[in-house]
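Next up is one chain by itself, shown in structure tokens, the form predicted alone.
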């Protein structure tokens, strides 16, 4: 949902809700907030330093103001120590503040920038992203009791001299925030409303909107290219597979061609190796890697970096039927490697290996794939860090820096050659699972086999793509993880 973001003095705007970040130091010096909301000065002074508002990160106190005060309410949002302020803290504080009052009808928000240790531009971008994240409604199919958050404006109440340096940060935050929500929308759609064909349609619409080139391959074209691994996964479903390619061409040609590749399984039953029924409804989110790639491509097209980027999303359903691939079947990948399929629920690596080979054919000089690939990554890293695998140290460092800039968390994982032994097949070049030990690592090794000498990195996001419980700044549901990291990665590569 788009809304107006701008800068102006409080007396030159109309807001119904004023968000004031509160530092821990304000508890002992409450006069620091004097005059920000004159009608509430006494109440703010009285509450600062109390257990309810000590400035601790995550604290929120809404104050209703009398008629004629200029704003309807003030929200005090604790953000911790000024000298340790982070973009993540601001993003989450703004999102939580808006989510706390948005369902009751608040529409026009103002925020008092208090930068602490942050650069003003970082503060502004984070606040705008937070507002966009707050506006996403995961319960869009609810017909009763729905109380959507409808933001009309977010205004930074700053001195006029601050406006020029914040304007570009606000625009960038809007582009990234909207793109994250686009990815969240795709992930949130049920499997009956987002088939591979539907995903391709949304990708085409998005590309037309922002000026990307697109190419959608159907089953016949994939067969002509020798993509047996991808088609093996699609065989059990009546829904046709699609290979979605979006292209951003940099002005002047660009020095390299980055391929962003995202797993697009729109529903995953596990195939013949059927998953347990419990929680299978969440397997609509098995295309979160593909959604992140499409969201990042949406942002990249608008931010216009000086580097060429290709977004590739192999998409199909993984279903059991009389036509489905069996455990023990052997298929030949586009690259020519033969694959013994031990477990049909290890399908993500099968569609990605052909997509990686296709990216190489298109001339990619750098490969980054994202996938909800393994449950094992949650065992290794919990629910906060995505796993990073790469055979190229510089690329891995660039992705870690991009993740920090995007306030997303990734953690480097080992990729020692000994793990390659676990996916040796007795009858083919490689098998698609390597046993119960190191499952995320052997899955990454499988993908590495198809990258060849091209710098490659893999992000396993199975543990971070879906928020399992409601949080003040984000509801239960899709997170949009990866959009920010991929966007920051591409922008940083373009600045080299």
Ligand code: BES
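Worth saying up front: this structure is predicted, and the values here are computed from it rather than measured. Numbering follows the first chain given and starts at 1.
Although not depicted, the form predicted together with the ligand is the subject of the following passage.
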> Is there a heavy atom of residue 203 lying 4.5 Å or less from a heavy atom of the ligand in the predicted bound form?
Replying inline: no
Mark residue 374 yes when one of its heavy atoms lies within 4.5 Å of a heavy atom of the ligand in the predicted bound form, and no otherwise.
yes
- the ligand contact at residue 392 in the predicted bound form, heavy atom, 4.5 Å: no
* To do: Evaluate residue 340 for contact with the ligand in the predicted bound form, applying a 4.5 angstroms cut-off between non-hydrogen atoms, and reply yes or no.
  => no
Of the candidate stretches 183-191, 278-286, 379-387, 106-114, the one with residues having heavy atoms within 4.5 Å of the ligand in the predicted bound form is 278-286
Checking 133, 151, 346, 217 against the ligand in the predicted bound form, the residue with a non-hydrogen atom inside 4.5 angstroms turns out to be 346
Students should find that, of 263, 298, 91, 242, the residue having a non-hydrogen atom no more than 4.5 angstroms from the ligand in the predicted bound form is 263
* Three-residue site 176, 370 and 407 fully in contact with the ligand in the predicted bound form at 4.5 Å by heavy atom -> no
Applying a 4.5 angstroms cut-off on non-hydrogen atoms, the residues of 398-422 near the ligand in the predicted bound form are none
